[in-house]
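Given as structure tokens, the chain that follows is alone and in the form predicted alone.
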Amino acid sequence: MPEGSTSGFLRRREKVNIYKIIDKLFLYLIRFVSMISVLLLVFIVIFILKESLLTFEEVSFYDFVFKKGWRPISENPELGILPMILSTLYVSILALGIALPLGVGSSIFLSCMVNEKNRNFIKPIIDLMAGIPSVVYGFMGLLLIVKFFERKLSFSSGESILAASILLAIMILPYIISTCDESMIKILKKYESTSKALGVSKYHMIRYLILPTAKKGILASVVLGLSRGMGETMAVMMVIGNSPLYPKLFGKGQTIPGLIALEMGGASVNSIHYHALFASGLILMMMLMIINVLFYFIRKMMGTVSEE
């Protein structure tokens, strides 16, 4: 073999070895970062669980979850968060019911109706809505939604479950639109040319092809929106009234995140009040976990049915 060819071969071989080393280092780095993320989550769960267990030495888990009465600093403390659990679910599910049709409709409009130029203009604006601070949403909710209920609908107080649900629906809308839009765009790119060649109308394509095929993406947006809604604190807290009552549509209520945000700063460390707030956070985590597991099995069943 000529000397020049040999040296060129050796240089290429050295480059290949360097690339292999870089790939291995990158793989180890990704594994390390992933392990750190998992460990952080585990430590957070362990810490919250540790702080919560002291609550259940004073009151049973059943009484804490299924009884009404939140007076943690009285002489005979009552620790029942059922109204807060129901308010959290009520506000989140109602907000999702308002936002989901709007989100799916907006996704269909963005993916199927507008041209690429207009889509590239509208989509970033919708995405920017997700970056607006919660307190700004809450402030606008106080000025617009609450005042509208008080002045136009003659409510004694505009702060209510309905006001919180409307505001929360606006906040989770960008997440639903983004998730559904990505799914629908992929389906449209895959089948649009075939549909046009067969002479299928756009309405027929959307109704019988895009929506059924995008059901997993829509379900993912439901999970994302519901999880985001149940964890929202500041904006909901500013318009819901913060009363530990059983939730009514036009009445005041209080969510678990709002309860923790309002009272954690005034709770004495290692008091029953302090540990009860951690226990409330644990219940919220359990609720979110149950909902995510439930939707996971629903999505799995949907995939099995579609394969059949």
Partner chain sequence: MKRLSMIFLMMILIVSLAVGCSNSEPTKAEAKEPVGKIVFKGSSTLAPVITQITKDFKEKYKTWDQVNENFANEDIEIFITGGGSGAGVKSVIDGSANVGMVSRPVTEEEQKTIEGYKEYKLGTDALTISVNPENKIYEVKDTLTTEELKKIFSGEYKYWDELDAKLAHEEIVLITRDIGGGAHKVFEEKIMGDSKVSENVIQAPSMGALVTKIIENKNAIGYASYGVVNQNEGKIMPLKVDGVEPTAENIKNGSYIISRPLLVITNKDVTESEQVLLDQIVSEEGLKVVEELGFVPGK
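No experiment lies behind these values; they were computed from the predicted model shown. Numbering follows the first chain given and starts at 1.
From this point on, the text means the form predicted in complex with its partner chain, which you will not see here.
- For the candidate set Val146, Ile172, Ile161, Ile81, a heavy atom within 4.5 Å of its partner chain in the predicted complex is found for exactly one residue, namely Val146.
- The partner is absent here, but in the predicted complex a heavy atom of Leu245, alone among Leu53, Leu249, Leu245, Val65, sits within 4.5 Å of its partner chain.
- For the marked spot (Tyr296, Phe297 and Met301), a heavy atom within 4.5 Å of its partner chain in the predicted complex is absent from each of the three residues.
- Mapping the unseen interface onto this chain, Ile73 counts among the residues with a heavy atom inside 4.5 Å of its partner chain in the predicted complex.
- Its partner chain is not shown here, and in the predicted complex it never comes within 4.5 Å of any heavy atom of Ile290.
- The closest non-hydrogen atom of Leu219 lies beyond 4.5 Å of its partner chain in the predicted complex.
- None of the heavy atoms of Thr194 is located within 4.5 Å of its partner chain in the predicted complex.
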